[in-house]
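Listed next as C-alpha coordinates is one chain, alone, in the form predicted on its own.
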Amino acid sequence: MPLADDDDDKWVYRPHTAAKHEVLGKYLTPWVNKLTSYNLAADNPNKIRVVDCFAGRGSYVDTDSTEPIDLESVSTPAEIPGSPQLILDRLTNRADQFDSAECVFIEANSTNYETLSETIAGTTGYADNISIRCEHGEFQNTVLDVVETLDGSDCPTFFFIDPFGFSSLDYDVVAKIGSTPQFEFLITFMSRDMNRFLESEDHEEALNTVFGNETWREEIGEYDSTNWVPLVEYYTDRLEANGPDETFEYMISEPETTQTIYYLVYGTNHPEGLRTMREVMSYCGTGKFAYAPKQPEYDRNQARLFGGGDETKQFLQDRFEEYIVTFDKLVETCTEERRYQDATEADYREALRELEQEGAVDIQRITSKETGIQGSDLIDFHDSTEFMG
(Lines give C-alpha, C1' and ligand atoms only; values in the text may rest on other atoms or scores of the structure.)
Protein backbone atom coordinates (compact mmCIF):
# COMPACT_ATOMS: atom_id res chain seq x y z
CA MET A 1 0.00 0.00 0.00
CA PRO A 2 1.34 3.47 -0.83
CA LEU A 3 2.02 5.76 2.10
CA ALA A 4 -0.49 8.51 2.86
CA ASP A 5 0.75 12.04 2.17
CA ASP A 6 0.71 12.79 5.90
CA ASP A 7 2.79 9.73 6.84
CA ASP A 8 5.96 10.82 8.67
CA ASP A 9 8.08 8.61 6.40
CA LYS A 10 7.25 10.97 3.54
CA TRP A 11 8.53 13.93 5.50
CA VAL A 12 12.22 13.13 5.78
CA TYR A 13 14.51 15.77 4.27
CA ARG A 14 16.68 13.88 1.80
CA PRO A 15 19.59 14.90 -0.48
CA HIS A 16 17.32 15.06 -3.52
CA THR A 17 15.00 17.40 -1.59
CA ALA A 18 17.92 19.72 -0.86
CA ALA A 19 18.94 19.59 -4.55
CA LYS A 20 15.43 20.59 -5.59
CA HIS A 21 15.27 23.40 -3.03
CA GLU A 22 18.67 24.67 -4.17
CA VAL A 23 17.32 25.26 -7.67
CA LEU A 24 14.13 26.90 -6.36
CA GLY A 25 15.96 29.17 -3.93
CA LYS A 26 18.64 30.26 -6.40
CA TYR A 27 16.13 31.02 -9.15
CA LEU A 28 13.79 33.18 -7.07
CA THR A 29 16.42 35.89 -6.56
CA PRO A 30 17.10 36.68 -10.25
CA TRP A 31 13.41 36.10 -11.00
CA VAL A 32 12.49 38.90 -8.59
CA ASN A 33 15.25 41.14 -9.96
CA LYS A 34 14.21 40.75 -13.59
CA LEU A 35 10.44 40.80 -13.16
CA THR A 36 10.35 43.84 -10.90
CA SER A 37 12.64 45.68 -13.33
CA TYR A 38 10.23 44.72 -16.11
CA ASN A 39 7.25 45.98 -14.08
CA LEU A 40 8.91 49.34 -13.57
CA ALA A 41 10.00 49.68 -17.21
CA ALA A 42 6.50 48.80 -18.44
CA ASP A 43 4.87 51.10 -15.89
CA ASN A 44 2.96 48.11 -14.45
CA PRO A 45 1.98 47.74 -10.80
CA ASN A 46 5.16 46.46 -9.13
CA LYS A 47 3.68 43.24 -7.79
CA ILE A 48 4.73 39.59 -8.00
CA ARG A 49 3.22 36.28 -6.87
CA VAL A 50 4.54 32.81 -6.00
CA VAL A 51 2.20 29.81 -5.75
CA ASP A 52 3.45 26.69 -3.96
CA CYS A 53 0.97 24.18 -5.36
CA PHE A 54 1.86 21.26 -3.06
CA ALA A 55 3.07 23.16 -0.01
CA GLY A 56 2.85 20.18 2.34
CA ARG A 57 3.46 20.75 6.03
CA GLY A 58 6.03 23.50 5.80
CA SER A 59 8.26 21.26 7.90
CA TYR A 60 10.05 17.91 7.91
CA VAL A 61 10.33 15.43 10.78
CA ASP A 62 13.93 14.34 10.17
CA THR A 63 16.88 14.57 7.79
CA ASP A 64 18.75 11.90 5.87
CA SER A 65 22.44 12.76 5.58
CA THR A 66 21.85 16.32 4.42
CA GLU A 67 21.25 19.82 5.71
CA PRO A 68 18.25 21.94 4.68
CA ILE A 69 18.74 25.14 2.74
CA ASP A 70 19.64 28.04 5.07
CA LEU A 71 17.07 30.75 5.74
CA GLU A 72 18.69 34.18 5.83
CA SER A 73 15.85 36.41 7.05
CA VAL A 74 12.87 34.32 8.12
CA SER A 75 12.44 32.58 11.49
CA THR A 76 10.12 29.59 11.75
CA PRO A 77 9.02 27.12 14.45
CA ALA A 78 9.88 24.28 12.06
CA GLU A 79 13.27 22.78 12.87
CA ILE A 80 13.53 21.59 9.27
CA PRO A 81 11.61 24.11 7.15
CA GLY A 82 10.03 23.40 3.78
CA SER A 83 9.51 25.21 0.50
CA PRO A 84 6.99 27.79 1.87
CA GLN A 85 9.57 29.27 4.26
CA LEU A 86 12.26 29.15 1.56
CA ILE A 87 9.98 31.15 -0.75
CA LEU A 88 9.20 33.70 1.96
CA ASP A 89 12.87 34.04 2.81
CA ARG A 90 14.08 34.62 -0.73
CA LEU A 91 11.32 37.15 -1.44
CA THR A 92 12.09 38.97 1.80
CA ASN A 93 15.72 39.31 0.76
CA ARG A 94 14.56 41.32 -2.28
CA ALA A 95 11.51 43.02 -0.74
CA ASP A 96 12.89 46.49 -1.45
CA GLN A 97 12.47 45.80 -5.17
CA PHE A 98 8.67 45.35 -5.23
CA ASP A 99 5.66 47.16 -3.82
CA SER A 100 3.87 43.94 -2.93
CA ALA A 101 4.24 40.18 -3.23
CA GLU A 102 1.63 37.51 -2.69
CA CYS A 103 2.45 33.96 -1.57
CA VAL A 104 -0.21 31.29 -2.02
CA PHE A 105 0.40 27.93 -0.31
CA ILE A 106 -1.92 25.12 -1.44
CA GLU A 107 -2.25 21.76 0.35
CA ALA A 108 -4.88 19.08 -0.14
CA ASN A 109 -4.17 16.75 2.79
CA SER A 110 -6.11 17.90 5.88
CA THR A 111 -3.45 16.89 8.41
CA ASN A 112 -0.65 18.48 6.42
CA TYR A 113 -2.74 21.61 5.88
CA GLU A 114 -3.33 22.01 9.60
CA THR A 115 0.40 21.71 10.31
CA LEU A 116 1.18 24.10 7.45
CA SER A 117 -1.25 26.72 8.76
CA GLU A 118 0.18 26.53 12.26
CA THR A 119 3.77 26.63 11.04
CA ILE A 120 3.22 29.60 8.74
CA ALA A 121 1.29 31.44 11.47
CA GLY A 122 4.35 31.08 13.70
CA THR A 123 6.81 32.15 11.00
CA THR A 124 8.22 35.66 11.44
CA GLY A 125 10.75 37.95 9.83
CA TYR A 126 9.24 38.08 6.36
CA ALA A 127 8.74 41.52 4.82
CA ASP A 128 5.66 43.61 5.56
CA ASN A 129 4.86 43.96 1.85
CA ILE A 130 4.46 40.17 1.48
CA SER A 131 0.99 38.73 2.00
CA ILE A 132 0.33 35.05 2.68
CA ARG A 133 -2.68 32.90 1.86
CA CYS A 134 -2.91 29.22 2.77
CA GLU A 135 -5.47 27.30 0.70
CA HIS A 136 -6.90 23.88 1.58
CA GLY A 137 -7.80 22.08 -1.63
CA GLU A 138 -6.71 19.98 -4.57
CA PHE A 139 -4.08 21.52 -6.83
CA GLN A 140 -6.13 20.98 -9.98
CA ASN A 141 -9.12 22.90 -8.64
CA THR A 142 -7.53 25.52 -6.43
CA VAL A 143 -4.84 26.67 -8.84
CA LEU A 144 -7.33 27.07 -11.70
CA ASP A 145 -9.12 29.68 -9.62
CA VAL A 146 -5.87 31.65 -9.59
CA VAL A 147 -5.23 31.14 -13.31
CA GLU A 148 -8.74 31.79 -14.62
CA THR A 149 -9.47 34.71 -12.29
CA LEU A 150 -6.23 36.56 -12.93
CA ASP A 151 -5.42 35.48 -16.55
CA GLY A 152 -1.81 36.55 -16.05
CA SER A 153 -2.55 40.23 -16.51
CA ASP A 154 -2.17 41.51 -12.95
CA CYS A 155 1.42 40.43 -12.19
CA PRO A 156 4.20 37.91 -12.96
CA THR A 157 3.52 34.61 -11.17
CA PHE A 158 5.77 31.64 -10.46
CA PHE A 159 4.23 28.21 -9.77
CA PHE A 160 6.19 25.57 -7.84
CA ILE A 161 4.48 22.24 -8.63
CA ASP A 162 6.03 19.56 -6.43
CA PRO A 163 3.63 16.64 -5.85
CA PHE A 164 4.19 13.27 -4.23
CA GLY A 165 3.97 10.81 -7.12
CA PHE A 166 2.35 11.81 -10.40
CA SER A 167 -1.41 11.25 -10.16
CA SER A 168 -2.07 14.92 -9.39
CA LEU A 169 -0.03 16.25 -12.30
CA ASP A 170 -2.87 17.19 -14.63
CA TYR A 171 -1.63 18.01 -18.13
CA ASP A 172 -4.53 20.32 -18.96
CA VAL A 173 -3.97 22.37 -15.81
CA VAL A 174 -0.21 22.60 -16.30
CA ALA A 175 -0.63 23.54 -19.97
CA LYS A 176 -3.13 26.23 -18.98
CA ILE A 177 -0.63 27.69 -16.52
CA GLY A 178 2.19 27.49 -19.04
CA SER A 179 0.24 29.15 -21.85
CA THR A 180 -0.66 32.16 -19.69
CA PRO A 181 1.45 35.29 -20.22
CA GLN A 182 3.68 36.23 -17.26
CA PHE A 183 3.32 32.75 -15.72
CA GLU A 184 6.24 30.36 -15.18
CA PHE A 185 6.47 26.99 -13.46
CA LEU A 186 8.90 24.48 -11.99
CA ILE A 187 7.55 20.91 -11.89
CA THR A 188 8.77 17.75 -10.20
CA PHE A 189 8.31 15.14 -12.94
CA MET A 190 8.40 11.76 -11.17
CA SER A 191 9.91 9.63 -13.92
CA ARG A 192 10.94 6.79 -11.58
CA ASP A 193 7.42 6.36 -10.25
CA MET A 194 5.97 6.52 -13.73
CA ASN A 195 8.39 3.87 -14.90
CA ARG A 196 7.30 1.62 -12.05
CA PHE A 197 3.65 1.73 -13.13
CA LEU A 198 3.90 2.05 -16.92
CA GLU A 199 2.31 -1.33 -17.53
CA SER A 200 -0.19 -1.14 -14.66
CA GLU A 201 -3.84 -0.97 -15.72
CA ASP A 202 -4.67 0.58 -12.34
CA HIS A 203 -2.45 3.58 -13.20
CA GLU A 204 -3.43 3.94 -16.86
CA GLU A 205 -5.90 6.75 -16.24
CA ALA A 206 -3.42 8.68 -14.06
CA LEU A 207 -0.74 8.45 -16.75
CA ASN A 208 -3.23 9.55 -19.40
CA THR A 209 -3.92 12.58 -17.24
CA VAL A 210 -0.20 13.40 -16.91
CA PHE A 211 0.40 13.30 -20.69
CA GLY A 212 -2.99 14.64 -21.73
CA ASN A 213 -3.82 11.82 -24.14
CA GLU A 214 -4.27 8.06 -24.42
CA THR A 215 -1.67 7.50 -27.12
CA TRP A 216 1.46 8.53 -25.22
CA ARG A 217 2.92 5.01 -25.01
CA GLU A 218 2.96 4.57 -28.78
CA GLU A 219 4.17 8.11 -29.38
CA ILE A 220 7.14 7.87 -27.01
CA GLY A 221 8.45 4.98 -29.08
CA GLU A 222 12.07 4.83 -27.96
CA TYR A 223 11.24 4.67 -24.27
CA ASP A 224 12.44 1.76 -22.13
CA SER A 225 13.07 1.19 -18.44
CA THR A 226 16.83 1.76 -18.77
CA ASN A 227 16.51 5.00 -20.74
CA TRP A 228 14.13 7.51 -19.19
CA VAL A 229 15.14 10.50 -21.28
CA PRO A 230 12.46 10.00 -23.99
CA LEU A 231 9.79 9.99 -21.28
CA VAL A 232 10.61 13.48 -19.99
CA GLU A 233 11.39 14.79 -23.48
CA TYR A 234 8.00 13.59 -24.70
CA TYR A 235 6.40 15.34 -21.72
CA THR A 236 8.17 18.65 -22.41
CA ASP A 237 7.26 18.41 -26.11
CA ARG A 238 3.63 17.88 -25.10
CA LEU A 239 3.79 20.93 -22.82
CA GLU A 240 5.33 23.14 -25.50
CA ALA A 241 2.58 22.11 -27.92
CA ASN A 242 -0.16 23.70 -25.79
CA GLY A 243 1.58 25.43 -22.91
CA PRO A 244 4.81 27.40 -22.49
CA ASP A 245 7.01 28.41 -25.39
CA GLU A 246 10.17 27.11 -23.68
CA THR A 247 10.99 24.24 -21.30
CA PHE A 248 14.16 23.02 -19.63
CA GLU A 249 14.99 19.80 -17.76
CA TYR A 250 17.18 19.18 -14.70
CA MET A 251 17.93 15.61 -13.61
CA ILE A 252 18.03 14.52 -9.96
CA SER A 253 19.31 11.07 -9.01
CA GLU A 254 19.89 9.06 -5.86
CA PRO A 255 23.04 10.21 -4.02
CA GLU A 256 24.49 6.71 -3.67
CA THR A 257 23.43 5.12 -6.98
CA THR A 258 23.08 6.10 -10.63
CA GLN A 259 19.29 5.80 -10.55
CA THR A 260 17.33 8.86 -11.63
CA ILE A 261 14.52 9.78 -9.23
CA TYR A 262 12.88 12.63 -11.12
CA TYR A 263 13.41 15.63 -13.34
CA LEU A 264 12.68 19.24 -12.57
CA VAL A 265 10.87 20.69 -15.58
CA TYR A 266 10.84 24.45 -16.01
CA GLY A 267 8.41 26.26 -18.29
CA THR A 268 8.33 29.89 -19.46
CA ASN A 269 7.07 32.06 -22.30
CA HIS A 270 10.08 34.35 -22.37
CA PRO A 271 13.63 33.66 -23.66
CA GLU A 272 15.04 35.65 -20.74
CA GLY A 273 13.38 33.24 -18.31
CA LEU A 274 14.96 30.27 -20.08
CA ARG A 275 18.34 32.01 -20.07
CA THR A 276 18.13 32.75 -16.34
CA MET A 277 16.96 29.29 -15.26
CA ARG A 278 19.58 27.62 -17.44
CA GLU A 279 22.28 29.70 -15.75
CA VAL A 280 20.93 28.82 -12.30
CA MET A 281 20.72 25.11 -13.07
CA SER A 282 24.24 25.12 -14.52
CA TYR A 283 25.61 26.14 -11.10
CA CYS A 284 23.39 23.88 -8.98
CA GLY A 285 23.95 20.22 -8.18
CA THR A 286 26.96 18.34 -9.49
CA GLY A 287 27.12 19.90 -12.94
CA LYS A 288 25.70 19.67 -16.47
CA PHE A 289 22.16 20.47 -15.30
CA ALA A 290 21.91 17.63 -12.79
CA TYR A 291 22.34 16.44 -9.23
CA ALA A 292 24.00 13.07 -9.83
CA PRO A 293 26.88 12.42 -7.40
CA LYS A 294 27.56 8.90 -8.67
CA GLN A 295 27.56 9.68 -12.38
CA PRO A 296 30.99 10.94 -13.60
CA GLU A 297 29.55 12.48 -16.76
CA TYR A 298 27.76 15.00 -14.53
CA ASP A 299 30.90 15.99 -12.60
CA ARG A 300 31.30 19.74 -12.95
CA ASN A 301 35.01 19.68 -12.04
CA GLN A 302 35.68 16.98 -14.64
CA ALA A 303 33.90 19.00 -17.33
CA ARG A 304 35.85 22.14 -16.44
CA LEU A 305 39.13 20.20 -16.41
CA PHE A 306 38.78 19.20 -20.06
CA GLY A 307 37.10 22.49 -20.90
CA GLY A 308 35.16 23.54 -23.95
CA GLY A 309 36.68 26.94 -24.70
CA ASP A 310 37.95 26.20 -28.21
CA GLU A 311 34.72 24.45 -29.15
CA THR A 312 32.71 27.42 -27.87
CA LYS A 313 34.87 29.91 -29.77
CA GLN A 314 34.51 27.92 -32.97
CA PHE A 315 30.74 27.71 -32.55
CA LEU A 316 30.49 31.48 -32.11
CA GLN A 317 32.57 32.14 -35.21
CA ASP A 318 30.61 29.67 -37.32
CA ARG A 319 27.18 30.73 -36.05
CA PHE A 320 27.61 34.50 -36.13
CA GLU A 321 30.19 35.03 -38.89
CA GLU A 322 27.71 37.02 -40.98
CA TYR A 323 26.36 39.16 -38.14
CA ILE A 324 26.90 42.11 -35.92
CA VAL A 325 25.09 40.92 -32.81
CA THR A 326 24.37 42.29 -29.35
CA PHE A 327 25.74 40.26 -26.46
CA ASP A 328 22.23 39.67 -25.11
CA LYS A 329 21.02 38.33 -28.46
CA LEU A 330 24.12 36.16 -28.80
CA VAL A 331 23.52 34.54 -25.41
CA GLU A 332 19.81 34.14 -26.13
CA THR A 333 20.58 32.39 -29.43
CA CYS A 334 23.21 30.14 -27.85
CA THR A 335 20.83 29.26 -25.01
CA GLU A 336 18.24 28.16 -27.55
CA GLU A 337 20.54 26.33 -29.96
CA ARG A 338 22.99 24.82 -27.44
CA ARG A 339 20.47 24.32 -24.68
CA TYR A 340 22.15 21.37 -22.94
CA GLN A 341 25.76 22.17 -23.78
CA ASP A 342 27.98 22.95 -20.79
CA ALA A 343 28.79 26.54 -21.81
CA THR A 344 27.32 29.28 -19.59
CA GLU A 345 26.98 33.01 -20.12
CA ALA A 346 30.36 33.50 -18.43
CA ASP A 347 31.91 31.01 -20.88
CA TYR A 348 30.53 32.92 -23.87
CA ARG A 349 31.85 36.15 -22.41
CA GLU A 350 35.32 34.64 -21.93
CA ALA A 351 35.31 33.16 -25.44
CA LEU A 352 34.47 36.57 -26.90
CA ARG A 353 37.19 38.20 -24.86
CA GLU A 354 39.73 35.73 -26.27
CA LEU A 355 38.43 36.23 -29.82
CA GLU A 356 38.79 39.98 -29.36
CA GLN A 357 42.39 39.56 -28.21
CA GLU A 358 43.07 37.35 -31.25
CA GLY A 359 41.60 39.99 -33.58
CA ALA A 360 38.77 37.71 -34.69
CA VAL A 361 36.00 40.06 -33.48
CA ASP A 362 35.57 43.74 -32.72
CA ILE A 363 33.48 44.76 -29.71
CA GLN A 364 31.76 48.12 -29.45
CA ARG A 365 31.02 48.60 -25.77
CA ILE A 366 27.67 50.30 -25.24
CA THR A 367 26.47 48.81 -21.96
CA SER A 368 29.88 47.84 -20.58
CA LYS A 369 32.86 49.93 -19.67
CA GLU A 370 36.38 49.21 -20.91
CA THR A 371 36.84 45.40 -20.95
CA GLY A 372 33.39 44.17 -19.88
CA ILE A 373 31.00 42.44 -22.27
CA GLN A 374 27.27 42.54 -21.59
CA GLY A 375 23.82 43.80 -22.56
CA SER A 376 23.76 45.87 -25.74
CA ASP A 377 27.48 45.64 -26.49
CA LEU A 378 27.91 44.97 -30.22
CA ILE A 379 29.99 42.00 -31.39
CA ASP A 380 31.27 42.31 -34.98
CA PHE A 381 32.51 39.05 -36.51
CA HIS A 382 34.17 40.92 -39.42
CA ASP A 383 32.33 39.13 -42.24
CA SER A 384 29.08 40.59 -41.00
CA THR A 385 26.40 41.67 -43.43
CA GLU A 386 23.39 41.68 -41.11
CA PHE A 387 22.48 42.98 -37.66
CA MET A 388 21.05 40.68 -34.99
CA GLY A 389 19.78 42.32 -31.82
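Just so you know, these numbers come straight off a predicted model, no measurement behind them. All residue numbers are counted from 1 along the displayed sequence.
The following text describes the form predicted together with a small molecule, which does not appear among the structures shown.
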query	finding
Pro293, heavy atom within 4.5 angstroms of the small molecule in the model of the complex	no
Distance check, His21 to the small molecule in the model of the complex, heavy atom within 4.5 Å	yes
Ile130, heavy atom within 4.5 angstroms of the small molecule in the model of the complex	no
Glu246: touches the small molecule in the model of the complex, heavy atom cutoff 4.5 angstroms	no
Sole residue of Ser73, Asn213, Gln140, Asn195 within 4.5 Å of the small molecule in the model of the complex, by heavy atom	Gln140
The small molecule: the contacting residue among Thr123, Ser83, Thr92, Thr209 in the model of the complex [heavy atom, 4.5 Å]	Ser83
Complete contact of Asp52, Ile106 and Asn109 with the small molecule in the model of the complex (any heavy atom, 4.5 Å)	yes
Option from 275-283, 159-167, 179-187, 249-257 whose residues, in the model of the complex, bring a heavy atom within 4.5 Å of the small molecule	159-167
